[in-house]
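First, one chain by itself: the form predicted alone, in structure tokens.
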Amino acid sequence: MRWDIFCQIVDNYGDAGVCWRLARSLTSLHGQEVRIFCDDLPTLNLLASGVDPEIKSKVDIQAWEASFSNTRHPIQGPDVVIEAFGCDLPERYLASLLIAPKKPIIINLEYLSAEPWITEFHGKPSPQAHGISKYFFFPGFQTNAGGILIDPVPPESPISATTIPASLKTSWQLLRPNAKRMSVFCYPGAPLLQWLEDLGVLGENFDIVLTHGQLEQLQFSSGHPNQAITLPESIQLIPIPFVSQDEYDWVLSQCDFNIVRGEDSFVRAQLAGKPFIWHIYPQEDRAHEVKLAAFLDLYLEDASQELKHAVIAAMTWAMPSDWFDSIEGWNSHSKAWRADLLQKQADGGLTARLMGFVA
């Protein structure tokens, strides 16, 4: 089948990351023909830059305007159209669907959520005045939801350090053999500077791998954006350049603890089998707090009371000294959660369920 995926980037990388991972999975694992129409091609191309050229060549990446501006060579009609995260289709593109001899199915691909109510709406029709069939598709952790994107499944044990991506070799040489590694990818609102200062009193060495832009964000939050950050000697900051999606997966696999944000890195942190903090995108109506609580209800369902308190404290940005004593238990829990997650997605996860739904 032919698939058109429409992606408007709202949250920097997350929206593009999900659309790219879906597209590569549809093409590489399921032999589908896929085009992505994106309103921010530089970001999308950066995320896809480190991918095997053979995999990348299978996905047709186009500018948003290309969906309706190619009048000399009309684009062949799709079988499936994905509105990622409820973005509106361009009017001229929609008009071309209305006059096409074969009508596609339109899928409103929603944000990933662990909230119980999504199972009641997953797969339900969304009647449209124009008459083209449209449906809601809700990604989720539950067996009766839309699943999660699991391609590619990372290896259970850490990848050998000899496989360091070329873009990260300079940064990785700075790592200390006697230090725990933490990666940081969070929004500006996090109390990261205070969090790192508190980490420095735990009596251990920590190498903090800062994703692209995090150091500048940290300097700005300190109130002295043009000065170096002063932290205890046990804390070493290691900024890394912007990396592709696959290279970031590698970073997560090499760290002992990860701070992530958005949807794609949230799932990849879980598949890495390591403890993590999900800095969920803050919303003015505080809906993010409900989403986080729903995830933690699932994530901690089989955990001890002690671990539940520790993880909830960490996820709500309590200082490390309040919960770090439980890190070993959290390590074991993370591995068990990963195994359970993969077992529940053994059918192929979101992409396979989407294929089955469309069929």
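Because the structure is a prediction, the values reported are computed rather than measured. Position 1 is the first residue in the sequence shown; the rest follow in order.
This next part talks about the form predicted together with 2'-deoxy-thymidine-beta-L-rhamnose, which is not shown.
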Taking any heavy atom pair closer than or equal to 4.5 Å as contact, tell me whether residue 217 reaches 2'-deoxy-thymidine-beta-L-rhamnose in the predicted bound form. no
Contact label in the predicted bound form: residue 111 to 2'-deoxy-thymidine-beta-L-rhamnose, heavy atom within 4.5 Å: yes
4.5 Å heavy atom contact, residue 195 to 2'-deoxy-thymidine-beta-L-rhamnose in the predicted bound form: no
Give a yes/no on whether residue 242 approaches 2'-deoxy-thymidine-beta-L-rhamnose to within 4.5 Å in the predicted bound form, heavy atoms considered. yes
Answer range among 259-267, 197-205, 130-138, 102-110 for contact with 2'-deoxy-thymidine-beta-L-rhamnose, defined in the predicted bound form as heavy atoms within 4.5 Å: 259-267
Can all three of 3, 25 and 151 be found with a heavy atom no more than 4.5 Å from 2'-deoxy-thymidine-beta-L-rhamnose in the predicted bound form? no
2'-deoxy-thymidine-beta-L-rhamnose isn't shown here, but in the predicted bound form which of 250, 187, 172, 93 has a heavy atom within 4.5 Å of it? 187
